[in-house]
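Let's start with one chain on its own, the form predicted on its own, as structure tokens.
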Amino acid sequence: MPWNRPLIIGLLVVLLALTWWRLQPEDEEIRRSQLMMGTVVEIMAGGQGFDKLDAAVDAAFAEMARLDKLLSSHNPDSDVSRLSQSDHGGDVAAATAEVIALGLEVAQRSDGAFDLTLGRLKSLWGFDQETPTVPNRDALATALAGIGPEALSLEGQQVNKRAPQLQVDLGGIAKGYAVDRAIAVLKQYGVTSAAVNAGGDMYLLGQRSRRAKHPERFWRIGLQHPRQKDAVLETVQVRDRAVVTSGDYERFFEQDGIRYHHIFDPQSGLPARGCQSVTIIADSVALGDALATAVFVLGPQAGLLLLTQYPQAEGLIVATDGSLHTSPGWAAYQVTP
């Protein structure tokens, strides 16, 4: 029987390819977590070389810790605390100025639905304490006096306050910015596959490594159902994108049958009532963080209108009645059953 030359060549090519693949060093994948910025931060990185990955994750956590010292209102020496204590503002670090610049932009475009000057209001409700309480109307009015998109201004690294009593709070954007910076550090170390998650503010870099149980082109993320514990509302697939969710189920208490949560409407000082949850997919976690809050406050109709100003972001909104509302490009991320 004569040789089938094309078949023999084809078999040799396959054999060489399999041999080359088996000779490639296997990817490592490490996962570590730390408690910082008021939440559990988890970093998972994959690639070749455990020592390199370990050093990269160490550096990413160190960068997040550095930013926490600058941006946390709970640190009396932070830029945020110094701004709140000052009468007119002051100079801040470059990172702080970058966060405030983005926050002020979203505040302007959302007509104040996102606000960096809710420090007094948040302290009044006490969601960071063991027993949060519903403030009375006079206390709310005092906490809201003078706030708004025009209450702060930024010139370079100089922050100006319009009123001495204003207290700056970057809680709606700082974690997202820290995740972005952690991803930037991982990239500097040559990491091409990583996930950084800070209490639901996450960025998914590249694709899952070969070490993963199910290596895929995309990362698959199950979105929490806002009213069914442990249930998935939708599954999305992303790579090199941020995924951020804000919901009224994250931090809340009930009093007289009413649910009070931590996402406040700057107009009333009360929890915003237009949504149950908002998920944003964007090119940066900081932007997704700010937009998720703003859209939640605005509600479905005005929230989707705001997203039209950000072509790099898409959103899924669960309204108060449980109905789903999506931006035009959201379907590109959905995983169909």
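Sequential numbering from 1, following the sequence displayed. In this text, all values refer to a predicted model and were calculated from it rather than measured experimentally.
This next part talks about the form predicted in complex with a small molecule, which is not shown.
Student: Just to confirm, A151 within 4.5 Å of the small molecule in the predicted complex by heavy atoms?
Tutor: So A151 does not count as contacting the small molecule.
Student: Check whether T279 has any heavy atom within 4.5 Å of a heavy atom of the small molecule in the predicted complex, and answer yes or no.
Tutor: No, T279 is distant from the partner.
Student: Does the 4.5 Å heavy atom contact test between D79 and the small molecule in the predicted complex come out positive?
Tutor: So D79 does not count as contacting the small molecule.
Student: Looking at the partner-bound form in the predicted complex, is I263 within 4.5 Å of the small molecule by any heavy atom?
Tutor: Answer yes; at least one heavy atom of I263 falls within 4.5 Å of the small molecule in the predicted complex.
Student: Could you work out which of P135, P132, G206, G171 is the residue within 4.5 angstroms of the small molecule in the predicted complex, going by heavy atoms?
Tutor: Looking at the other structure, the residue within range turns out to be G171.
Student: Just to confirm the contact call: exactly one of 155-163, 226-234, 84-92, 242-250 touches the small molecule in the predicted complex at a 4.5 Å heavy atom cutoff, so which is it?
Tutor: Partner-contacting stretch among the options: 242-250.
Student: Does the trio L118, T293 and V297 actually contact the small molecule in the predicted complex, every residue with a heavy atom within 4.5 Å?
Tutor: Contact check passed for all of L118, T293 and V297.
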